[in-house]
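Before any questions on binding or motion, here is one chain by itself as structure tokens, the form predicted on its own.
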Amino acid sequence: MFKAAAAGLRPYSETGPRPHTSLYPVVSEGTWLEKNNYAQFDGWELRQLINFVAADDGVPEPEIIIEVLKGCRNNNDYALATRFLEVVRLKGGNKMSETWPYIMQEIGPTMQELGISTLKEMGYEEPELWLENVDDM
């Protein structure tokens, strides 16, 4: 213990909790969007970004959604783009009826440009095997 203290080190048990560090700490801010080009990400980096966005509490900005869709298109990963759109739609929660039309209004032209169908066009807005809530019967 004395040698560690003399060297300026603390024992592991005294360090306390480690701060949360993220691979993409400022995705929701414009600074990250300016510094990085999502469209140039490879498949692994793109999936890591999507996992970070999915774990975040907020709905991502349309600019971020557009860049992720461009990355999916550059990686020829149509399925990933579809799943990402589903995640973004569900992140609206109780306000989905307000957030989703706004997001679609903002990203719609880019989706047409990239050749990505909307969830409604693909029939993914409502789950196929949705069961009625037993409390509502």
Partner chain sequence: KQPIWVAPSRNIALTSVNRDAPATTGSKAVLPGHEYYPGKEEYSPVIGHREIVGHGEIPYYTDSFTVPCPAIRFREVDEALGKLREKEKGDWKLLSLEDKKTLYRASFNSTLEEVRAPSGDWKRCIGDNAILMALMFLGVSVIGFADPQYEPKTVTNEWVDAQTEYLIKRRVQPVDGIASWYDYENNKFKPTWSIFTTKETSKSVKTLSEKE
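Being a predicted model, the structure only gives us computed values, none of them experimental. Numbering follows the first chain given and starts at 1.
The discussion below concerns the form predicted in complex with the partner chain, not included here.
Exercise. Verify the contact flag for Tyr102: yes if a non-hydrogen atom of it lies within 4.5 Å of a non-hydrogen atom of the partner chain in the model of the complex, no if not.
Key: Residue-level check for Tyr102: no, no contact with the partner chain.
Quiz item: Looking at the partner-bound form in the model of the complex, is Gln40 within 4.5 Å of the partner chain by any heavy atom?
Solution: Contact check for Gln40: no, nothing within 4.5 Å of the partner chain in the model of the complex.
Practice problem: May I ask you to check whether Asn76 falls inside a 4.5 Å heavy atom distance of the partner chain in the model of the complex? | Solution: Heavy-atom contact with the partner chain at 4.5 Å: present for Asn76.
Quiz item: Taking 4.5 angstroms as the cut-off for heavy atoms, does Glu86 touch the partner chain in the model of the complex?
Solution: Because a heavy atom of Glu86 falls inside 4.5 Å of the partner chain in the model of the complex, the answer is yes.
Practice problem: Output the sequence-ordered list of residues from 91 to 119 with at least one heavy atom within 4.5 Å of the partner chain in the model of the complex. | Solution: Stretch hits, in order: Lys91, Met96, Gln112, Glu113, Leu114, Gly115, Ile116, Ser117.
Exercise. Kindly indicate if, in the model of the complex, the C-alpha atoms of Glu132 and Pro101 are closer or farther apart than in the structure shown, bearing in mind the change is 3 Å or more.
Key: Distance between the C-alphas of Glu132 and Pro101: longer in the model of the complex, by 3 Å or more.
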